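The chain that follows stands alone, in the form predicted alone, written as structure tokens.
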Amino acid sequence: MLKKLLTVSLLILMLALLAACGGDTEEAAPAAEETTAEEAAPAETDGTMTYVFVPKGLGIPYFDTANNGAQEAAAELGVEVTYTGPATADATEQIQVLNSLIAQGVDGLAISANDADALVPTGRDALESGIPVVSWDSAIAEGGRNAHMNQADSEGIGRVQIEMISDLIGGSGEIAILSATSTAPNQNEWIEFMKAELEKPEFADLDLVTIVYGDDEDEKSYNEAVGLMRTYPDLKGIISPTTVGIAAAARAVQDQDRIGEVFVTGLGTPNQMREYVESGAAPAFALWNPADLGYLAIYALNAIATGEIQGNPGDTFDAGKLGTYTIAEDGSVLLGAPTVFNIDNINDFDF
């Protein structure tokens, strides 16, 4: 009888010990999970806002100069600005670059669009992901960005280029336009205003014979300019509203020994055009300061990204050394009027 009681007691004790051990095991599991979660936590960042400045294509001096202004703004604002884009001025390549940046979750995008409409879905994807978007130089159509930084009034840009070519060729003769890509929204808008100017009585003797496209590639633009002079032997002027095209066309005029016979004008930068102004191949051209445009774009983007403004018409923001700007009813911000460069003032500028 005593042996049976001892056996039962021993069994009870063993069951109690097992129950106690089981309870300890259940309590230990959450502790292990907490350790795992703590080890998997992402590393903390310093909180610096990171924006990306995207040109139409890399390796183009105009865009490099604009990036200098973007970097100046970044230093003043205490943000980081990365400069990247497609290898060539191609909308499909640009969209691929932007999709990658959106997937990385950058804090903002400043884009010069290769195609106004084609970039709208990509810009919309960024906005829906919480990434603010401003376009600059060449607009993304509405719906794909918060605001657009317009380098100058489009009508004014068209007007000044017709005025310059008229002055250079004496008010009459055949002229041609050498543009960038056929889909570049800013180029096409300027060309439409040039055509409108040509309808005015004071320009009735100017004859626009054709429009060709160099795709913002130096060699192609050069060849197009040479082709214009051969196809139209009486051609007196070439307007190129693109920094790549105007330099290539001016070089073609020099190489073909047509200085004084064919005059080039359009939009360029002083440093790239100085040689051609001095030689007489391109005695006058116009442009805004691209560094100021890049500077303005980053200030506007930062104001939207930080919640200072929403990016709506009527919103006003500070743009550092450039002063205060207000977003217009069409969603654009106007940098200012273009400057005409010639032999009298070109050495006063360095960009």
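Worth saying up front: this structure is predicted, and the values here are computed from it rather than measured. The first residue of the sequence shown is number 1, and the count goes up from there.
Just so you know, the form predicted together with alpha-L-rhamnopyranose exists too; it's not on screen, but the next bit is about it.
The shortest heavy atom separation between T242 and alpha-L-rhamnopyranose in the model of the complex is within 4.5 Å. Proximity of T122 to alpha-L-rhamnopyranose in the model of the complex: non-hydrogen atoms within 4.5 Å are absent; the residue sits far from the partner. Heavy atoms of Q187 reach within 4.5 Å of alpha-L-rhamnopyranose in the model of the complex, making it an interface residue. For the chain shown alone, Y295 is not a contact residue for alpha-L-rhamnopyranose in the model of the complex, no non-hydrogen atom being within 4.5 angstroms. Although alpha-L-rhamnopyranose is omitted here, in the model of the complex none of S166, L168 and Y276 has a heavy atom within 4.5 Å of it.
With alpha-L-rhamnopyranose omitted here, the record of contacts in the model of the complex names 52-60 of 65-73, 305-313, 320-328, 52-60, defined by a heavy atom within 4.5 Å. When alpha-L-rhamnopyranose is considered in the model of the complex, only one residue from A180, L109, A248, I162 comes within 4.5 Å through any heavy atom, namely A180. Residue L267 is the only one in 246-268 with at least one heavy atom within 4.5 Å of alpha-L-rhamnopyranose in the model of the complex.
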